[in-house]
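Consider the single chain below, provided in structure tokens and representing the form predicted on its own.
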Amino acid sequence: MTQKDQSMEIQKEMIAKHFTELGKAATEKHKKVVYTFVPGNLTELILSFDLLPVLPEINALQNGMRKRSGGYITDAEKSGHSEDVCTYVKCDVGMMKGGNVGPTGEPLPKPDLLLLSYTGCFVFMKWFEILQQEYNCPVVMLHIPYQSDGAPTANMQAYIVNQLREKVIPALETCSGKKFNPARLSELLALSARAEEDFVWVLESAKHKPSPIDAYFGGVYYIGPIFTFFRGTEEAVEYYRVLRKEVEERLAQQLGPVTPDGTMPKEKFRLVVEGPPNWTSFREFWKMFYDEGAVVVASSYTKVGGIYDQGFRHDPEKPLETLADYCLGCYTNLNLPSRVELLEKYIKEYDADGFVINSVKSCNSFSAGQLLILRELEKRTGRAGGFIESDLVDPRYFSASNLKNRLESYFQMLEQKREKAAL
């Protein structure tokens, strides 16, 4: 029996309610929907037009956690998609071809608009090309300049704001039949900023010893509302308020993270993790860490939908400019040196014993350059790095025995280094 806090129950209800709304949109046509992606998503803008957001990545990972993705991927490959294509895409295509029934068993509506916010992943463009061909619906693209020099510029912001004004907002107006309401957008952005404050506090609680949270495996639950359908809602504000209260109580009692098997009894190793998790065997994957007393105190994956812990907050006073800044700052839009610097900062600020890279076979936006990241971080921090391999939602590329052997060897190395340093 998995142990669940109140915040997890709240989030479960939020997600179920959203998929029920999507089911109504599919069967009763009571609302129009916009398909978009997690990094750089414009949830507040979509909600300001009273449209429902659908995120194909979330459908794929939810199907992976429910053990449904393998069949969908096989079906997509049979229809001509390569083994090397992102497994999120193949899972989504397989689900679509099988009747577009969502991970909760309720039908998903066809898109009325495809909102392609490009933030560093070329796959997004091909993915929506496939969906456009299937559904024959409009597509609007928001192009986000890549931070090639390591920092956004005023020109980049202006370029994005112009696209919002000239391309995205008109497309949303046409889709919804409503005029853009800047005041409504600002109201939603103010709610986002409130939720972001508590979210960042929770992430930074991992600087304590013992850490009251796991910022990778537990972190994927924490990022759910703010990275997906709920940013800009009262529900998200309440979720993060409850979550923060729970973590404050754990800190006061000097308790470690909650795992599926209960509270972790002892923190033995503090780690930073780079790369997305495996979803098809998520609980088994997590257990390989907490059985060894390994707590992830910071991770790059929990920044894929925004690097809030580096100071960004949505600003309701500058609605379009703040949306532009948000899109520019997502982890997948950072260049390689910036990613190394961020991970180095985490290792030092969170006093990690080491770091682990999970190289995901079909995710080029993360896996490209990870061996270089490994060597550079070892050189800069003096901490040992581990390297493991899996996939997002393809069960064929999760080898439990291989992963367990690699991780056990890595933890043994960390223990030997600690004993040697103590002499």
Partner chain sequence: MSTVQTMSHPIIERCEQLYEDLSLNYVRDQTNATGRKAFGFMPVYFPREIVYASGLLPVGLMGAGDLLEIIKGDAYFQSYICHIPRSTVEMGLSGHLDCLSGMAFPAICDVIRNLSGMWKIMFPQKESIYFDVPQNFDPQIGGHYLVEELKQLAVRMSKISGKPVTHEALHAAIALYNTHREWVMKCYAQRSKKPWEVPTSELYLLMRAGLILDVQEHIEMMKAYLESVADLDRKPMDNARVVLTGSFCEQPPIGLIRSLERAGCYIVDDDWVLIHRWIKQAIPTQGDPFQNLADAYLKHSMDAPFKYQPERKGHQLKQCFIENRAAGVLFCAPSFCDPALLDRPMIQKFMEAEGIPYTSFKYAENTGQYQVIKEQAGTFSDSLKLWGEA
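Numbering follows the first chain given and starts at 1. As the structure is a computational prediction, the values presented were derived from the model and not from experiment.
Not pictured, yet referred to below: the form predicted in complex with its partner chain.
Asker: Would residue 81 show up as a contact with its partner chain in the model of the complex if we use heavy atoms at 4.5 Å?
Answerer: Contact check for residue 81: yes, within 4.5 Å of its partner chain in the model of the complex.
Asker: Could you tell me if residue 234 has a non-hydrogen atom within 4.5 Å of its partner chain in the model of the complex?
Answerer: Residue-level check for residue 234: no, no contact with its partner chain.
Asker: Should residue 220 be counted as a contact of its partner chain in the model of the complex, where contact means heavy atoms within 4.5 Å?
Answerer: Although its partner chain is absent here, residue 220 would stay clear of it in the model of the complex, with no heavy atoms inside 4.5 Å.
Asker: Taking any heavy atom pair closer than or equal to 4.5 Å as contact, tell me whether residue 244 reaches its partner chain in the model of the complex.
Answerer: Although its partner chain is absent here, residue 244 would stay clear of it in the model of the complex, with no heavy atoms inside 4.5 Å.
Asker: Pick the stretch from 364-372, 40-48, 26-34, 59-67 whose residues have a heavy atom within 4.5 Å of its partner chain in the model of the complex.
Answerer: Stretch 364-372 is the one.
Asker: Any chance all of 198, 262 and 392 sit within 4.5 Å of its partner chain in the model of the complex, going by non-hydrogen atoms?
Answerer: No: none of 198, 262 and 392 comes within 4.5 Å of its partner chain in the model of the complex.
Asker: Looking at 209, 184, 126, 268, which has any heavy atom no more than 4.5 Å from its partner chain in the model of the complex?
Answerer: It is 126 that has a heavy atom within 4.5 Å of the partner.
Asker: May I ask you to choose, among 343, 121, 323, 304, the residue with a heavy atom within 4.5 Å of its partner chain in the model of the complex?
Answerer: For this set of options, the contacting one is 121.
Asker: Note that its partner chain is not shown here; using its position in the model of the complex, name the residues of 146-179 with a heavy atom within 4.5 Å of it, in sequence order.
Answerer: Residues within 4.5 Å: 146, 148, 149, 155, 156, 159, 162, 163, 166, 167.
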